[in-house]
Each structure stands twice: as C-alpha cells, then as structure tokens.
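Below, in structure tokens: the form predicted on its own, a single chain.
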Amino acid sequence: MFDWKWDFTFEILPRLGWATLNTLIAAGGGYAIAIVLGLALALAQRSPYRALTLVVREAVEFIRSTPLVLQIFFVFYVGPQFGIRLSPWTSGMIAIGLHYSAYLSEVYRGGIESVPKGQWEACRSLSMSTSDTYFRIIIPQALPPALAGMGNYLVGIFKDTPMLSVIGVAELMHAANAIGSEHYRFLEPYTLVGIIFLAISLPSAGLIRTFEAWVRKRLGMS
C-alpha cells in the first residue's frame, strides 16, 4: 500500500540536498579529468610511434571493456599496495575520469578524423608544427562534431556517480541508503533520488543540445 510521509520527506530534503552537491562535484571533477586525459589518449593514438599507438589503443580497449565499479575498487583498494593512498573522493573522481577518458578519446578521434584532409595538407604546406596543427587548426574544427558525444558522456557520468557509494563517498545513493537504514523507510529517499537525477539529467541534455547548436552557428556549420 502506498504510504508516503510528507513530514519525513521534508525532514530528509536538506540531507539529500548536500548529497546532491557532492554528486555534482564528483561528476564535475571526474568529467574534467576525462576531458583532458581523453584528448591526450586520442592524440597518442595518432602518434607516429607505432609502439605507443598500440599500447594506448590496447589500454583504451581494456578500460572500456571492464566495469567502472571494478576500476573504482582497484584505485581505492589496490592503490595502497603500491604506496598510492587516496581518499574515497579522490579515488572516485580518478576512477570516473579514467573510465570515461577512454570513451571520450574515441569521441575526440572521430571528430579529428572528420576534419577534411585538405586542412592537414594546408598545414604541412605552411610548415606548421604538429602542436600548432592540432591546437590551432584541427582541434577547433573537430570539437563541434564531438560535442554531442561529449555531452552524452557528461550525463552518463552523473548517472554513474552512485557507484562511488561502494567506497563510502557521500553522494546521493549513499545518503539515501543511510537514511533508509536509519529510519527503516526507503520509499521516500529512493524516490527523491530518482526525481533529483531526472531533474538534473533532462535539463542538462537540453542545454547540451542548445550549446552544440550555438557553437555550430558561431562557426557557420549549421
């Protein structure tokens, strides 16, 4: 029988509010790592050094083929055996960043490969360095086609943050589980968590599409 308690709902809202902030911080930190590391992995796969290219490609495939929760456990529990002791927060953000950097590297790679070959040939004819070619000519043109994929993974990271609860990070699901265990009521906290995720994910997806359209318009691509 449906038994929703409004007084209990208002009582737990502040606690879930702080957990929401923690979730957004974890997602934002992980995404920042993924953006930078993903670009580095994408460029490394286009390196003239075949050995480096093969190693990076295999590493990307390995990361994409293993569960995020396993990588979280590995960073947090296995790291100390090698002298790397990190807090749950830091471990979680690094694991999320590492996991999604593998996916973003493929998004970057697709964007880079979409740039017309004539752009590369023009850079070579002007004797531009590799770094100038990438960061002044190629990457600015590769980003607009990649924005949709990058935005999707941002929403994906946000929805994957509940996995951080397995190492004690006080995000939304961790808070909901704690509230439910303390009060022996799970209906309200779990329902509110679902509503909060929905309330953040749907507007975020819309903003990403709007930003993508704005960038394309600014660059004369639409």
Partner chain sequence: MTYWEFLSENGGRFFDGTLTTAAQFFLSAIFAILFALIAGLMKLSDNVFVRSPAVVYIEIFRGTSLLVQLYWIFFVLPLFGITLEKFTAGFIAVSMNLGAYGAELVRGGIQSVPKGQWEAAYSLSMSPAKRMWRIILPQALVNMLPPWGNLLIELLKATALVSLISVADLMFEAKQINGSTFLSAQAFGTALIIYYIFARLIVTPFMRWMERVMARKMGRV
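Bear in mind that the values here come from a model prediction, so they are computed numbers and not experimental data. Numbering follows the first chain given and starts at 1.
Just so you know, the form predicted together with its partner chain exists too; it's not on screen, but the next bit is about it.
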query: Position in contact with its partner chain when the complex is considered in the model of the complex, options 52, 178, 70, 32, heavy atoms within 4.5 Å; finding: 70
query: Its partner chain in the model of the complex: contacted by all of 18, 40 and 182, heavy atom 4.5 Å; finding: no
query: Contact flag, residue 201 vs its partner chain in the model of the complex, heavy atom cut 4.5 Å; finding: yes
query: Residue 129: touches its partner chain in the model of the complex, heavy atom cutoff 4.5 angstroms; finding: no
query: Residue 103, heavy atom within 4.5 angstroms of its partner chain in the model of the complex; finding: yes
query: Exercise: residue 77 in contact with its partner chain in the model of the complex, heavy atom 4.5 Å; finding: yes
query: Residues in 180-213 close to its partner chain in the model of the complex, defined by a heavy atom within 4.5 Å, in order; finding: 186, 187, 190, 191, 193, 194, 197, 198, 201, 202
